[in-house]
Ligand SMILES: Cc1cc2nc3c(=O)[nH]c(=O)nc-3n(C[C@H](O)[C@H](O)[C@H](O)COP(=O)(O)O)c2cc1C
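In the form predicted alone, a lone chain appears below as structure tokens.
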């Protein structure tokens, strides 16, 4: 692999890139923490904002426990803005978190109204709050009056029904939030079934705050189809598609990509491995963390089932290193067009 090409891919400053379309890294609990964001931002281009996995249980506005503070990280990773996200149904807690983030230099916090998992939604948090627009209105009223920092919202079309979004849009329009990102599913779907593009399309004309789309962008082809369907949308959040193919944001923007993508992916996954070992003081929990990510990355190889089988049974660092070496020796990394679902 030519060293010059690979180096250019890594160091070109993000602010020199064309910012339209804007592409955000979606928060993914358990995967897109500080270590992943830091390593990803050094290796790949095309992302304009990095959203953290959600924080909870914010007891004080002047400090966070050391573990949470470490996970929050810095306001920028390699020039890319980081947006902390909070999962809460308490306006005071959201304000405490926002004040803390502001003091650390962050410009925006994001309120998670999208998490679909029953253990969260059953407590009227995440997408479980979407059937209660009055509660959301009350919380936002207090937050927007007191927070002193940009507040954006990530949500779904509803929890039980996509029609829930229409009452919610009225609330969001009146709230002065900085941006609304909608995953075009309902909470009860989790990540199954199709996205509801018809309902999202209806929301566009009703929404007066900046609007971003999220859901099932797995390839350039997927993105182009959505862009054609929603020409007024210029901000896109990508989650699973970016985990499958870290080059996807650059490919969408037409940014030059390393000629030897397989070697670049290998370098990325190796750097991620050693970064996790450093962060976790060589705890074997690194293996479980990496397996969780490989469940997605394996899907962009030519034989995903065999690739993941090589990884899922490893228990030691030596076994992991041997399995990774075998994967990159015996299988071909195909990228995002392979991962279209």
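It should be emphasised that the depicted structure is a prediction, and the values quoted were computed from it without experimental measurement. Positions refer to the first chain, counted from 1.
Although it is not shown, the form predicted in complex with this ligand is what the next lines describe.
Checking 178, 85, 235, 219 against this ligand in the predicted bound form, a heavy atom within 4.5 Å turns up for just one residue: 85. The partner is absent here; in the predicted bound form, the one residue of 266, 150, 96, 240 having a heavy atom within 4.5 Å of this ligand is 240. Contact with this ligand in the predicted bound form, defined as any heavy atom within 4.5 Å, is confined among 46-54, 33-41, 269-277, 303-311 to 46-54. Although the partner is absent from this view, residue 29 contacts this ligand in the predicted bound form, with a non-hydrogen atom inside 4.5 angstroms. Among residues of the shown chain, residue 296 is one whose heavy atoms approach this ligand to within 4.5 Å in the predicted bound form. Among residues of the shown chain, residue 246 is not one whose heavy atoms approach this ligand to within 4.5 Å in the predicted bound form. In the predicted bound form, at least one heavy atom of residue 191 sits within 4.5 Å of this ligand. Judged against this ligand in the predicted bound form with a 4.5 angstroms heavy atom cut-off, the residues 112, 183 and 215 are in contact without exception. Along 148-178, a single residue, 154, places a heavy atom within 4.5 Å of this ligand in the predicted bound form.
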